[in-house]
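As structure tokens, one chain now follows by itself in the form predicted on its own.
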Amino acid sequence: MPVLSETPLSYALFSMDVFTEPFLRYALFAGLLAGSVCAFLGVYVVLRRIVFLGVALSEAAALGVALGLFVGWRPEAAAFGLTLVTALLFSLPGRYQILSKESLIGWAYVVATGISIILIAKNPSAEAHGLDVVSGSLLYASRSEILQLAAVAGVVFLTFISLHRFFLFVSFDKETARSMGLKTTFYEFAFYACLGLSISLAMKTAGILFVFASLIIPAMISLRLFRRIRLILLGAVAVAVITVPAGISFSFHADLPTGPAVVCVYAALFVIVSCGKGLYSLLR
């Protein structure tokens, strides 16, 4: 496999020749589906200021995978179940007096991380998949995983297209929505269910780093460029669609782990957009 020092950076990022290989096409399809749905949901995560919850849910999904491998369950089913339970617990209405919700999310994160490490260390099968949980295994994506991600993406996009206005209303003015008779608990449940389902399946295929980066960075980039919510949502998905192929190509030519390489391209694009936006503001 060629190394980056022997390959021009522009070619390494934008060459589509690598996708003639079947396993790289599978990685591309899986990455595009996982990245797009996470980027779409990430706009709501960033705007609602629940970024840390996204980290906790990603780690809960990792714990589900480790638990599934440890006890012999299907890892994706265990990951989805645990992620959904965690998401729904934090979506329930309640008042925290001494302990804030953020502190409880932090507690859930460190506990899930600690138990995951223990299960991975005690189970040879889980230990063999330990690195994949963090950096992902996009290059080993199967046809069945792609079909699962496509089904999840379809459900999420159709749900949000159908309930878009209600999600926005409940997300940013819950008290008014409740006073107008909207079933805010139902819409909160639907949002967190979509988020938990997407994170659990995407994490199993792409890893924690890829999932969390796709939740946060495309939304940040799109928010730097647009103001209307529809454009922000479309922009975030477009960022994922552009970045994932570039990251996979970069990882192939530089002989790097695929998930972290995609994260690096995300980060570089955010810096470029931010610098360009700042320069444009100065020149106006």
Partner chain sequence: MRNNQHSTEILIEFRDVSLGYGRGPVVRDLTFSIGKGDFLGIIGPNGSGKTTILRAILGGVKPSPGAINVRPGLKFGYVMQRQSLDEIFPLTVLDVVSMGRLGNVGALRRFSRSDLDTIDHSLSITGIADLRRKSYRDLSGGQKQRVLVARALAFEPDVLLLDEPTNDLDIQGEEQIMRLIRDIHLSLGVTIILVSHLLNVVFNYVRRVMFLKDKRLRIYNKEDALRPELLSEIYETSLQVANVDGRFIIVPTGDNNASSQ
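Positions refer to the first chain, counted from 1. Bear in mind that the values here come from a model prediction, so they are computed numbers and not experimental data.
This protein has a second form, the form predicted together with the partner chain, left out of what is shown; the following refers to that one.
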{"query": "Contact segment among 255-263, 45-53, 24-32, 58-66, judged by heavy atoms lying within 4.5 Å of the partner chain in the model of the complex", "finding": "45-53"}
{"query": "Close approach of F166 to the partner chain in the model of the complex, 4.5 Å, heavy atom", "finding": "yes"}
{"query": "4.5 angstroms heavy atom contact with the partner chain in the model of the complex for L234", "finding": "no"}
{"query": "4.5 Å heavy atom contact, W73 and the partner chain in the model of the complex", "finding": "no"}
{"query": "V85, heavy atom within 4.5 angstroms of the partner chain in the model of the complex", "finding": "no"}
{"query": "Sequence-ordered residues of 161-176 touching the partner chain in the model of the complex, heavy atom within 4.5 Å", "finding": "S162, L163, R165, F166, L168, F169, S171, F172, D173, E175, T176"}
